[in-house]
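The chain that follows stands alone, in the form predicted alone, written as structure tokens.
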């Protein structure tokens, strides 16, 4: 579904990404890992059109999307969330999700006659169902900019899903989210995958990665150093060195087995 060919990115004389070749199959959940500064967010920005690569090509769903603007890439079904989401000051959480639900051209969200009114009711149902799934019902009518950072991340995720995402790029979705809801988020994302959505997830919580992802790719200083299952990460010397340094012998944080939550 997604394939990059020799992606590179330079900022002046600084090489941030070099010869990055990433393949993500339809329906996969792939973890994009690496220490701080390894180029993960830069790669997401290039994939979603917010940055142009210095070299290389990107193919999505069989189409070359290299250099397309982010709004066109989003219309094709590739959506992303950000480490630090920015929310509108004068829109409630429910209203923001309502705007994410596809609407017939030239219609309003509220008080529409006949068929259009039925469509508005369906949009409202979907928006409030998403608020419930993400445990945001109690803040439904609060300004989207006034909720916590973790809640804003969940709201941005809900908007991307409701907007018809076929490929979701998630940048640290659990940062600021309470531990109990993180477990629920694994279930939500797995359910989304069952509905036909493919996911690429940047994350530092290894337990979350282990429960969620089918496969992990690891960046270090702009190049891929590993492509393996989550439970194989601690066995990879290059990965351990990237996170802890060559002289460090402490174990990496534990990676949860994909079925640990079911035990």
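The structure displayed is predicted, hence computed values, not measured ones. Numbering follows the first chain given and starts at 1.
There is another form of the same protein, the form predicted in complex with a small molecule; it is not shown, and what comes next is about it.
- Checked against the small molecule in the model of the complex, the residues 95, 135, 119, 172 give one hit for a heavy atom within 4.5 Å, which is 172.
- The contact residue chosen from 145, 83, 99, 188 relative to the small molecule in the model of the complex is 83, the criterion being a non-hydrogen atom within 4.5 angstroms.
- Using a 4.5 Å heavy atom cutoff, 11, 14 and 38 all lie near the small molecule in the model of the complex.
- In the model of the complex, the small molecule sits within 4.5 Å of a heavy atom belonging to residue 204.
- Using a 4.5 angstroms threshold between heavy atoms, residue 42 counts as touching the small molecule in the model of the complex.
- Only one of 28-36, 193-201, 207-215, 63-71 places residue heavy atoms within 4.5 angstroms of the small molecule in the model of the complex, namely 28-36.
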